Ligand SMILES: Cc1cc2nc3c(=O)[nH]c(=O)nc-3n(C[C@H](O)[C@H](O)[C@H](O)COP(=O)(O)O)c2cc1C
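Have a look below at one chain only, the form predicted alone, in structure tokens format.
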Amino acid sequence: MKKEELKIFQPITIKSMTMKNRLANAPFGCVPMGDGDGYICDASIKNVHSLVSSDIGLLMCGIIRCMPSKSGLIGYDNKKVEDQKPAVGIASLADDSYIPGWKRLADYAHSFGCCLGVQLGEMGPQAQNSVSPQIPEYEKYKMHTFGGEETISDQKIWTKEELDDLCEAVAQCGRRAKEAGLDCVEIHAAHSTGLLYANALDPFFNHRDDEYGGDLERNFHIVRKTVERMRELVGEDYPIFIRINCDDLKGPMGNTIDDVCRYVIPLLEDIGVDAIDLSQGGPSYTTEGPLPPMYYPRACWMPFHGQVKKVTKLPVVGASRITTVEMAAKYVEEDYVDIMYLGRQIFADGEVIRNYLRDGNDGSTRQCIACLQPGCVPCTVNFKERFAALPGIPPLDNSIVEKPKKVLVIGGGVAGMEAARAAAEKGHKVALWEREGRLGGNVGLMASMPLTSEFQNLIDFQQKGLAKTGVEVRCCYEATVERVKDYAPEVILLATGFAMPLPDSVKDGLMVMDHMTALKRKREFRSLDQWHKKVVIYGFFAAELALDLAEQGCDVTLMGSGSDKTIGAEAWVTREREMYLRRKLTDVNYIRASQGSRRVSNPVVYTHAKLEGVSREGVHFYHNGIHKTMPYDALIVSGGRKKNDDMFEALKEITPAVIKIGDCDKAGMIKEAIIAANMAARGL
């Protein structure tokens, strides 16, 4: 079968909407962004360009403001709205004055053959909105709101009259969307703590005893009332989608997959929706929920999706950390879903569909690393998309230089590879030297762990870029001053990363190493018939390594100077990743209904511990007011990062054009390294 004949590339019609294929972009908050008053503007068009031009069949815009107030992120009564107007923010359809802007956006999407839809609703407990107070029995569970980790309290409880108004407001938004030329709308009733409609559907949160709650039928009254009114306004042929959880991931406290298949799906069919968009869990209390981090397998939701597909004749839309067209095609072909969201993958590489059709595989595509930084929009690993998505930034200059320079990049981490590729694309003669036997630097070392193996996606893509642009790459080749002099570069891009210096108290100890060195030697820890079975790790930055070694059978103790709240608190670790690590390693009272949320007994964790030294007797540390000693076979210290820029002054004597990039210049995150590297290369 030709690729073009695959089911995923066939059109699908849902009432008046016909998609050219069954690939769609999942809804993200503030995509499209609006201006300070929520109107679609030039920035909105720029915001979605890389999406609608990617050959997808449908762009589902993220949740927008439906209520006639200044903010869709706070609540009904406007009390917490900031007076200062932002330059950009959440878009709106709260009155008819917004219709022309949305028509402009719809026309723009249609010019690429892309259908356009929008999610409608209102924010929920994350923004202090709830349909009912939480019962005391459930108040003990910790949640993550926009303000950080806390119990769900201090909520604005919506009255019956306010919920009536919300149903009318959302229905009117459906009318406006149709008048603006959008192809469909979607009621966002997934994620429980994220959205008020989901809050109503979830028995964990809805404890009302009126027409808006009290049993399954009444919990769904908000959806029924909205759809019935919207249908009066838009007619029978206009598609109304709904997004729900296929499982709330709270066990019997919420709706399970069995509940959804047995009771919820028949209810939705009776209500009269035209397609079911599936998600699961909630961003405040589950990690395998709306945005599963890299710790979970790709396509981890698909078994649930497949169960729902078997019990309904309605079209099913799915998402599940799909990073390739091949994966998406498999699940459409095997009838798990009718339409597949690529979601974050489109941000990572807007060429993913065209690459697949051209090459027959996904090998030339930059795949998502599931980092969730910074909220995926703009993407961490896609420098081009970053510029396409943000307002106020001029277009990239992709012209070839008139006078190519001889450029030497020292260091083959992600910054060095990005700089080398970008400089070569500009027409310079580029060489990259790496002293290790492999490219990738510290990110590559992190990619050696199962929990962070998705980092390898970026390294693979960059290596292909080096080959494609003709960069001369030398591994196992240290850039000594003498070698650099002999090479005589006109420009040097120094990308030698960072080091983790060991504390003086332990640096001379037997089998003591820093975090990055431990990753290089990780194979040694897997050989359990040898002597190194007892591993002590100091520094919560190495939490993922601790879990990895424990999974391999080592007896691991993880200790750090901070409290349990500092586990997963590094800037590059997002909320979902932090929650995963803290569920595994602490006793914080999260909802732990799913298997992946359970506390592990190995590693053993010591908080508020201070490393004092090491001897043949063991690791010496201070904990709970007591000086303790713990036997060990290996001690791994994960501490502060120090720039590896010792060569900088010596290199400046060879050529004044020496530029530090990445962690060598400033220890930071992948996104910062890629930006700095690309900008430095483009400025040559």
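The first residue of the sequence shown is number 1, and the count goes up from there. Quantities reported herein were computed from a predicted structural model and do not represent experimental measurements.
From this point on, the text means the form predicted together with the named molecule, which you will not see here.
Chemist: Is the gap between V337 and the named molecule in the model of the complex 4.5 Å or less for some heavy atom pair?
Modeler: Close contact is absent here: in the model of the complex, V337 is far from the named molecule, nothing within 4.5 Å, heavy atoms only.
Chemist: I'd like to know whether I659 contacts the named molecule in the model of the complex, with contact meaning heavy atoms within 4.5 angstroms.
Modeler: Heavy-atom contact with the named molecule at 4.5 Å: absent for I659.
Chemist: Is there a heavy atom of A319 no more than 4.5 Å from a heavy atom of the named molecule in the model of the complex?
Modeler: Yes, A319 is a contact residue.
Chemist: Indicate whether the named molecule has at least one heavy atom within 4.5 Å of a heavy atom of I63 in the model of the complex.
Modeler: It does: once the named molecule is placed as it appears in the model of the complex, I63 has a heavy atom within 4.5 Å of it.
Chemist: Here the chain is shown alone; which of C41, L635, A26, V48 has a heavy atom within 4.5 Å of the named molecule in the model of the complex?
Modeler: It is A26 that has a heavy atom within 4.5 Å of the partner.
Chemist: Pick from R366, R421, R583, R344: which residue has any heavy atom within 4.5 angstroms of the named molecule in the model of the complex?
Modeler: Answer to the contact question: R344.
Chemist: Just to confirm the contact call: exactly one of 288-296, 438-446, 324-332, 477-485 touches the named molecule in the model of the complex at a 4.5 Å heavy atom cutoff, so which is it?
Modeler: The contacting stretch is 288-296.
Chemist: For the stretch 239-259, return the residues whose heavy atoms include at least one within 4.5 Å of the named molecule in the model of the complex, in the order they occur.
Modeler: Sequence-ordered list has one entry, R243.
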